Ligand code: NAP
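Listed next as structure tokens is one chain, alone, in the form predicted on its own.
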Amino acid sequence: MTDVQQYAFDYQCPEQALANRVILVTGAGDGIGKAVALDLARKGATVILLGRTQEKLEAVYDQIKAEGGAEPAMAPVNLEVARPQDYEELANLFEKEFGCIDGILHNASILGEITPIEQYGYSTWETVMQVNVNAAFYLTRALLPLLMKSDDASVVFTSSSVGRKGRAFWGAYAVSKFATEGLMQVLADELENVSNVRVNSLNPGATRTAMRALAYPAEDAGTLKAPSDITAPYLYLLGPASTGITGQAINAQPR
């Protein structure tokens, strides 16, 4: 295990360590995205909550405010249908509101089908790649100028064990996560030494989420960690403790 991996496991984020940082979280209405957004706010960050369902975003917004966190922002976006110009418009709004962006957590993903490639639905394949890969590219590209304005910016892509070693029947989801790792590596290599933006990937591992339940319907969810149990590596990568760490593929849980 690398020193970076061990530190991510063991990281204890100091109070207000993320103060004065503006961090965008996709899929922030539920699951891991919600848990990380709440913990980012608890450590002082201003969080931009991006997700498809307005009501879920409002619930997270209200909880952050009730806990005394910095005023969050909401960005209701359906990643399945949003186009590059929609992300450019978002970037313009964020620039006017915040001036710069200090972090992005690309958390939102969809599972698609668990089935052999020869039976995989064409439209499902396209939708999975749209949400898991294209949307992450569009959003990152649109926000790069704002990330470059930060003194210490971090982009975290969500990976998977099946995006690091292929597994039968995982179809578009696995392929999309391989693509995610490639996007992370290319972007990290491009930005290293020419910017203050670092780029890494994080595999959350087996976690008690709705997606996990879809993939493993017979699994006892009680044996899995809750999203709130695995936020430490996210806070590490999105905060100042990981300054200078880039191009790394990290796990949120021991294998």
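As the structure is a computational prediction, the values presented were derived from the model and not from experiment. Throughout, we count residues from 1 along the sequence that is shown.
There is also a form predicted together with the ligand; it is not shown, and the following applies to it.
Partner proximity in the predicted bound form, defined as non-hydrogen atoms within 4.5 angstroms of the ligand, places exactly one of 115-123, 101-109, 88-96, 147-155 at the interface: 101-109. Three-residue candidate spot K56, S159 and Y173; every residue lies within 4.5 angstroms of the ligand in the predicted bound form by at least one non-hydrogen atom. Within 4.5 Å of any heavy atom of the ligand in the predicted bound form lies no heavy atom of A136. Taking non-hydrogen atoms only, V197 never approaches the ligand to within 4.5 angstroms in the predicted bound form. Though the partner is left out of this view, D30 does reach within 4.5 Å of the ligand in the predicted bound form, counting heavy atoms only. In the predicted bound form, at least one heavy atom of R212 sits within 4.5 Å of the ligand. For the partner-free chain shown, L79, E80 of 79-101 come within 4.5 angstroms of the ligand in the predicted bound form, judged by any non-hydrogen atom.
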